[in-house]
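Consider the single chain below, provided in structure tokens and representing the form predicted on its own.
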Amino acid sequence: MSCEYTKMIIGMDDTDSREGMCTTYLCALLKDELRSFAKLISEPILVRLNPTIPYKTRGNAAVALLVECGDPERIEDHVAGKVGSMACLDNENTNPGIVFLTEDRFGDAKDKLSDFFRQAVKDVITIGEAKELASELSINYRIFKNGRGLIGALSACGAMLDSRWDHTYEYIAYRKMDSWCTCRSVDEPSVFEADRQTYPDTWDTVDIKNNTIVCVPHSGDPVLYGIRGKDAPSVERAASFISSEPVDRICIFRTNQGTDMHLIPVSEISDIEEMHSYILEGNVFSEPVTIRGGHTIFSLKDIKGGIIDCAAFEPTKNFRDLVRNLIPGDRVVVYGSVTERTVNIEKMKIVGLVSKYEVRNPPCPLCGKRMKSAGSGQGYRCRKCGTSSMFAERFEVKRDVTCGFYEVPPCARRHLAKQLLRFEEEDIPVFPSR
């Protein structure tokens, strides 16, 4: 049934699985298909939600489109049909949700959906809470199976209505369907050239220090590569340098990736909850140790004496060398998510360093040679001259670390983690890693 032209936000989430498919691909596909009977009003939205949620499929991404149409029912039926036919419904963790928010509801829904979006990035939200909000705001939605995707779909609508959040852009190129689940063909030198030509307007395309391509995924989903950067022209320019297998379609998203939107500042460890992400300052309490698997861990102590483990996991590669150089008493600010009472460090600011001392046998005042131990509790004695001393020589050791801001390499970067190159000028770190 047709009606006068009206704007509509379409929010979607949870259509993929760890084995394949991609919610962003469905968004790109629908963007192209809906053009025949609807007008796209603005760039699509891609928002990353709380990265610690255990039941997420892969990147915990939700998407939204803003269109103008004359037949909302036709839009709803087309979108629901496409999700129903393409989502990985056989997977127990795939539970799609779709939201259709028409223009007449924008005003009433804006503030609450915006708050919901910001909460979904930082907090844990239940399906019941999402359904309750949709009912309260009289929002039309459709769900499949348990409908967990309704949380992300509502969040993406909130992001579309809210222009106040920090954002970046991502250019995603998708593979032709008959190539899905096969090895990707992307010319490596062209990807490094794309980075050379456009960095720092684009980032995390490659990892220079680890000689690794970052923008090409390895899973069986439809994404060929994704270029992230400060604006649409920058990511488009980077993509123009890349040679690859044939591309099925592309889509440029406005996104909250690289914004630190998930982080919550806290001053006390007692305020920390599981499945949340924090900014926490404290003193290194224990010597860093590297455990089986290559993970490096130390404990941090806050101003009230609370203690929590902080980890640089094996995928952070050379970042672990920095962590291994910390000693008890160093003052640091850690940024990262908390699971199993451990902070997964995304970046770290070293605020203050304590002096490091070592001891060695004292020199003989007569011949200058080092004395030998005279036995337990008996000090030191020079065997040649017969001189003795009860005290070892204590000296300061130059440390192989300096104060400053450090980040994990691009190959270990989380979607939401803000790159040091994006910090405001007055906070520019001295040691951004490439």
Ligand code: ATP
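On a predicted model such as this, the values are computed, not experimentally measured, just so you know. Numbers follow the displayed sequence, beginning with 1.
There is another form of the same protein, the form predicted in complex with the named molecule; it is not shown, and what comes next is about it.
The stretch among 240 to 248, 107 to 115, 205 to 213, 122 to 130 whose residues place heavy atoms within 4.5 Å of the named molecule in the predicted complex is 122 to 130. With the partner removed from view, the residue among 404, 59, 379, 70 that has a non-hydrogen atom within 4.5 Å of the named molecule in the predicted complex turns out to be 59. Interface membership of residue 392, defined by any non-hydrogen atom within 4.5 Å of the named molecule in the predicted complex, is ruled out. Although the partner is absent here, residue 347 is not a contact residue: none of its heavy atoms lies within 4.5 angstroms of the named molecule in the predicted complex.
In the predicted complex, at least one heavy atom of residue 53 sits within 4.5 Å of a heavy atom of the named molecule. Heavy atoms of residue 149 reach within 4.5 Å of the named molecule in the predicted complex, making it an interface residue.
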